[in-house]
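Have a look below at one chain only, the form predicted on its own, in structure tokens format.
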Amino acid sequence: MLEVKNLSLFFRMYDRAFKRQDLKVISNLNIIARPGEIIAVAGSSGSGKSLLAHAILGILPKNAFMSGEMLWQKNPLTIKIQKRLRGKEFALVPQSVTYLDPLMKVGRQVSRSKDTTLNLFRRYQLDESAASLFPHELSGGMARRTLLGAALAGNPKLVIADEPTPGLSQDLAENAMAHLREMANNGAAVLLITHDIDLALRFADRIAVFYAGTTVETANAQDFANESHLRHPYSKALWRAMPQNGFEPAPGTQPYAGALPQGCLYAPRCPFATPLCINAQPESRHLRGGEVSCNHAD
């Protein structure tokens, strides 16, 4: 089990006068990924989803600093343990296809076993001849399917899939999600980062909603069937923005890192905000079978 508790992350930067500035990009973020389930992470661009993935894997840039806790199987997830598990017990399906080694044929990047490679190629509708190609010879969709195969070729205990389906047809996207579901059913913990909430809801067990670098709500996937089952005003706004629910945009914009409000990060856009919300960030609490960071959720 992976547990992230009160994670904050900032980048240390210097201006032209060499004055140091710490740019906070994640604030008191909490999430749990359990064996046997898919937890999907949803939220707008810039909400900290990919940064969380990189923090778990220990691949943040050198000017990144963190506070809080990350636990793997109830033990601190140290840099030494991250290095040992990365690429073995921890698997990443990266968002960018540039993660493929440009100097290695793609078949070798998927698996050292030819049989495993060919089985995965068949699963993702890749011709066997693609195994002898280099990454620059693949289309974007082929490269993404190769990344999926490479990440899922072993038997990882934690799978982090960062936007694994863009550029894929509906059938291939569903195939990829079904593969992640199989991994979870076989005991892996799957952390799915996605903008495709509709697709995630069909396969995920829980949904964690991120906003401006923090977790505002964690809900069972079935809670998204009805707005009234959700707890946080942003989760409800996200629900209303889905095409089948009216495609209603929420007023305002997500705050930028470096210009975060003092209290609740959603307060400047929230119709229910009070002075309590503006002055202090609410703590996460259990509510109706989920978790929410909101003073007024009921």
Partner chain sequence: MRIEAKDLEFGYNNNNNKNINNKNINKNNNKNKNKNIISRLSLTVDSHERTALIGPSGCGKSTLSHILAGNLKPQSGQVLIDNKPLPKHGFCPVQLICQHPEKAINPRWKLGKTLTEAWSPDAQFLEAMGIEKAWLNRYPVELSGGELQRFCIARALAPQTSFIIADEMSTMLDMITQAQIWQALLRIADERGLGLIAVTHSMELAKRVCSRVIEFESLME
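Because the structure is predicted, anything quoted here is derived from the model rather than measured. Residue numbers count along the first chain shown, from 1.
Heads up, the form predicted together with the partner chain isn't pictured, but that's what we're talking about next.
Shown alone, this chain has one stretch from 102-110, 71-79, 189-197, 175-183 that lies within 4.5 Å of the partner chain in the predicted bound form by heavy atoms: 189-197. Within 4.5 Å of some heavy atom of the partner chain in the predicted bound form lies at least one heavy atom of S44. The partner chain is not drawn, but in the predicted bound form it has a heavy atom within 4.5 Å of Y256.
Looking at E128, you'd find every heavy atom of it more than 4.5 angstroms from the partner chain in the predicted bound form.
Proximity of A267 to the partner chain in the predicted bound form falls outside the 4.5 Å heavy atom cutoff. With the partner removed from view, the residue among S139, S96, Q222, N119 that has a non-hydrogen atom within 4.5 Å of the partner chain in the predicted bound form turns out to be S139. Proximity of A150, G154 and L158 to the partner chain in the predicted bound form is absent: no residue of the three has a non-hydrogen atom within 4.5 angstroms.
Scanning 50-88 for heavy atoms within 4.5 Å of the partner chain in the predicted bound form gives no residues at all.
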